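A single chain, nothing else alongside it, follows as structure tokens in the form predicted on its own.
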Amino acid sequence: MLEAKGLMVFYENMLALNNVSIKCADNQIVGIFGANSAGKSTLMYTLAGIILDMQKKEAMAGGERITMMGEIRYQGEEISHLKPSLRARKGIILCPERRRIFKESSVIENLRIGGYLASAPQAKKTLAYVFELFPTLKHLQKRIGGFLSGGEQQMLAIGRALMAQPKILLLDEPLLGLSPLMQSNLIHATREICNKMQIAIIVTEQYARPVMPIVDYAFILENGSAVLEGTRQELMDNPDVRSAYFGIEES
């Protein structure tokens, strides 16, 4: 479904992505794991096209020069040149790091904003599903986004992304700053979304332990490079991965 080959992104002279190639098939959950500054968010911005907007804004402001190279193919089409709005219309939807909901708008307003690409029947059906997936949001429909807890905001961010009718959902560090219980709930919801809505998902996280049980395939990023890849079992059987990303030392 989505395949990136040889992605390279420079911020001025800093190399943020170094020849990264990844792929995600239909109805698959792919994990991208790495420490802070490994290049996870840059990769997600590049897949979603947000990097093109960043490049344009920096050029207009006379800021740092952003350079991109490589190829991104989606359903067989080369899309590296497409604006993020056009990628969204094709079904590539980003749920960004740190939620970034509309904090002055209510829960229901945030969700309706997310449904701007949906037809009325699609929006109605998806809204019902979001409330089924996250019952808390149904009880907080009129609550202003800025007054939600971190976990509630993350549920809202994912729900808003679902309202945009994704075919492939990009989740950038959805567990950041959340309690273990909330992390567990969101991991369960992520697998549920993939299974029930038949949506492919790419999820990034700094720590692999909570996410690894649900991924089908994963990549390890270090300093902008994909240094390891494999199925869930292959990576869990790798002692280096177990030590660095699970905190399990081999005896």
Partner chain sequence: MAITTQRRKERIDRGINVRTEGIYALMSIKELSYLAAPRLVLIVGLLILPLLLPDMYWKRVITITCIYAFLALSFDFLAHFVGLVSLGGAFFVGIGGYLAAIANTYWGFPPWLTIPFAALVGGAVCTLLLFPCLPLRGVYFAIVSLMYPLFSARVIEALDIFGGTDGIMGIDGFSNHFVEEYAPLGLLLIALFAIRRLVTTDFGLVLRGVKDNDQAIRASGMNVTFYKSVAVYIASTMGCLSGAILVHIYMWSGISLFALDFSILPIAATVIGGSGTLIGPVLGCFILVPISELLRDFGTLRIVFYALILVGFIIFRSEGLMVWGQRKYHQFERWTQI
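Numbering follows the first chain given and starts at 1. Nothing here was measured: the structure is a model prediction, and the numbers come from that model.
This next part talks about the form predicted together with the partner chain, which is not shown.
At 4.5 Å between heavy atoms, is residue 8 in contact with the partner chain in the predicted bound form? Judged by the heavy-atom cut-off of 4.5 Å, residue 8 is in contact with the partner chain in the predicted bound form.
Please tell me whether any heavy atom belonging to residue 69 falls inside 4.5 Å of a heavy atom of the partner chain, as the geometry stands in the predicted bound form. Within the cut-off, so yes.
Check whether residue 12 has any heavy atom within 4.5 Å of a heavy atom of the partner chain in the predicted bound form, and answer yes or no. Contact check for residue 12: yes, within 4.5 Å of the partner chain in the predicted bound form.
Non-hydrogen atom contact residue 213 with the partner chain in the predicted bound form at 4.5 angstroms: Although the partner chain is absent here, residue 213 would stay clear of it in the predicted bound form, with no heavy atoms inside 4.5 Å.
Partner-facing stretch of 41-49, 220-228, 189-197, 56-64, counted where any non-hydrogen atom is within 4.5 angstroms of the partner chain in the predicted bound form: Only one stretch qualifies here: 56-64.
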